[in-house]
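To begin, one chain is listed below as structure tokens, in the form predicted on its own.
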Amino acid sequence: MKAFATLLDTLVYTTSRNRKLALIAEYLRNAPDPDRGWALGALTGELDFPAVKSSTIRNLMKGRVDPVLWTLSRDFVGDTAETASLLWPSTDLENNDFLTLTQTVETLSSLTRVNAHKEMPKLLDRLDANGRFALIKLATGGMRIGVSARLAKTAFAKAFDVSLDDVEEYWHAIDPPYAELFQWAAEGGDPPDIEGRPRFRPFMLAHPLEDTRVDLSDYAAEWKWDGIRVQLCRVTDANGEAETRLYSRSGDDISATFPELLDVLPMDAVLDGELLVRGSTQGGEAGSDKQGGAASFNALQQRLGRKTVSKKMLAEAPAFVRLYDALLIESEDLREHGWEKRRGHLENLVERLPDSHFDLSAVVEARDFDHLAEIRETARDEAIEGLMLKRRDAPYIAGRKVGLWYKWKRDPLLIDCVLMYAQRGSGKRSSFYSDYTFGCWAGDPDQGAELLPVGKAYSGFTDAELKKLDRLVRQTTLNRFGPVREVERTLVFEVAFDSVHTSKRHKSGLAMRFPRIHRIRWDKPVHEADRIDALKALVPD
């Protein structure tokens, strides 16, 4: 546990990507099995200990230190693990036996909601401040140390001089602590036997088009639909048993959230597409003809993240997949073929699939690039994110390769809002008020209209602007609500967002999709900010 804690502590204070790769690789080479496998699972977010939440740690702390001191300290530091690890009453560690990472994982796995509050203190008492920080990060699953799953996998490949593509291929078929993976990469054993196991294959990704122009004789265009990208995988094992799983963009298994898609694929295949829902015609959001029967993202959002789905929700917002690509069909791996050949296979496959659960993302026909730009201008009306441009001869390659796929998103919507509340960030922003809630006027501000919150953003500004905003928040605070500060209504943000929908999340009844700070309007009087009616006018029919 000490080596893992040291690794985390060093990573927190390391900004260089190459240095982080070297640190993780060195740990993986030197740590024993299965400790290094558990560490790799923790860094990639593959471990889950449901009995321990951030609230568990907060409740433990309030029982051991003054609750007011805890609240003030947590607010100032901005990170539960860091605050708790420093405030936890120290014990004499001289006579404590050594606690390994494997022992820690085994203990955390055995905890229940009933006994977690009794057993966690025993673990915390056996560790120093660095160890407590690592334990809490491990238990709650919120690493936030500047290490992505991709970077950790890259470090694994670097540590043992193996192909990252091979690591990605095996990764999702093997569970932590990845004994088969280490046996292959570190010990020179046979590659992991993953035949017959449903597994996620990393998506092929696109670069923003920006100022690039492409020749449509070399590239095909498709709409970029406003849902969530998924991969549907069906595999038949040696016993003839078929299993289907649905994966999100990050490789998370979301099968339980969309059970209606698990028994409709009639053959083994791995398919890439956009998950959408059909809106209810009974007072819900019906999908328009323009959208091919798909409801807005707001309707899909009602189903995301649910562990169980009611019959009512299945009936009112049934899911379907708008297919983009085919990676494998009936044991034939198509990824090395160009897009056009894969597209042909996909078009033939769709004819064999139930149209209640699948359809095909249409190719957008245009005379030339300028004509395509004109077509893109209609994307807003059709509730589409924009266009995808795919090189016709491009194989399906994991990750983002220059020149193969481009995303040409529609221009964002813009509206002027007033800063209302601020909250500290996390990680390296934990000392700054970097999360901002903003609102629009419910009427004429000169006639006493109130501001109603419409969104929250924490991106779109420079480090220099963040320092200036943080200073403004501290100097204009009106009220404190736990970690949140209410500020004087003195600053206007020009907010960019992709779309707006009705929502119960805010008092305004509206919620933005992907809001971000486009410009800080230091010069603009707050009474000139936009009104709720202007935002309501942008809600799709």
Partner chain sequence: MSAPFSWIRPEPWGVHIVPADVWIDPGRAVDKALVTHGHADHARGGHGETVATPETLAIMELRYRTGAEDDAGDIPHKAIPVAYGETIRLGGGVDATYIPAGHVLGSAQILLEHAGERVVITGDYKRRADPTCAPFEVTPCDIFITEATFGLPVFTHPPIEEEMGKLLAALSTNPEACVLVGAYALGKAQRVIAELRLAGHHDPIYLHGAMEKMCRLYEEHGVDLGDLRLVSDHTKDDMRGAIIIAPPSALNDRWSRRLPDPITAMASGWMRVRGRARQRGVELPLVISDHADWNELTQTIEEVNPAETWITHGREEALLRWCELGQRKARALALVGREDEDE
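Keep in mind it's a predicted model, so treat the numbers as computed, not measured. Numbering follows the first chain given and starts at 1. Superpose the two forms; the largest set of C-alphas matching within 1.5 Å is the rigid core.
Note that the form predicted in complex with the partner chain isn't included here; everything after this is about it.
Choose from 444-452, 167-175, 81-89, 341-349 the stretch whose residues reach within 4.5 Å of the partner chain in the model of the complex, heavy atoms counted. Heavy-atom contact with the partner occurs in 81-89.
Which of these residues, 144, 197, 400, 392, gets a heavy atom within 4.5 Å of the partner chain in the model of the complex? Contact check passes for 144.
Among 115, 430, 302, 250, which has at least one heavy atom within 4.5 Å of the partner chain in the model of the complex? After the contact test, the surviving option is 430.
Check residue 474 for me: does it contact the partner chain in the model of the complex (non-hydrogen atoms, 4.5 angstroms)? Heavy-atom contact with the partner chain at 4.5 Å: present for residue 474.
Could you confirm whether residue 478 comes within 4.5 Å of the partner chain in the model of the complex, counting heavy atoms only? Output for residue 478 is no: heavy atoms all beyond 4.5 Å of the partner chain.
Partner contact for residue 268 in the model of the complex: the partner chain, 4.5 angstroms, heavy atom: Contact with the partner chain, no.
Check whether residue 19 has any heavy atom within 4.5 Å of a heavy atom of the partner chain in the model of the complex, and answer yes or no. Yes, residue 19 lies within 4.5 Å of the partner chain in the model of the complex.
Each of 66, 129 and 133 having a non-hydrogen atom within 4.5 Å of the partner chain in the model of the complex: is that the case here? Looking in the model of the complex, the three residues 66, 129 and 133 all sit within 4.5 Å of the partner chain (heavy atoms).
Does any residue in 50-80 get within 4.5 Å of the partner chain in the model of the complex, counting heavy atoms only, and if so which ones? Residues within 4.5 Å: 66, 68, 69, 72, 73, 76, 77.
Core-aligned, does residue 70 move its Cα 2 Å or more between this form and the one not shown? Yes; residue 70 is a residue whose C-alpha shifts (by 2 Å or more) between this form and the one not shown when the cores are overlaid.
Cα of residue 26 displaced 2 Å or more between this form and the one not shown, core superposed? After core superposition, the displacement of the residue 26 C-alpha between this form and the one not shown reaches the 2 Å mark, so yes.
Quick one: with a 3 Å or larger change, is the residue 433 to residue 16 CA distance smaller or larger in the model of the complex? Answer closer or farther. They are closer; the C-alpha distance drops by 3 Å or more in the model of the complex.
Given that the distance between the C-alpha atoms of residue 433 and residue 67 changes by 3 Å or more in the model of the complex, do they end up closer or farther than here? More distant in the model of the complex, by 3 Å or more.
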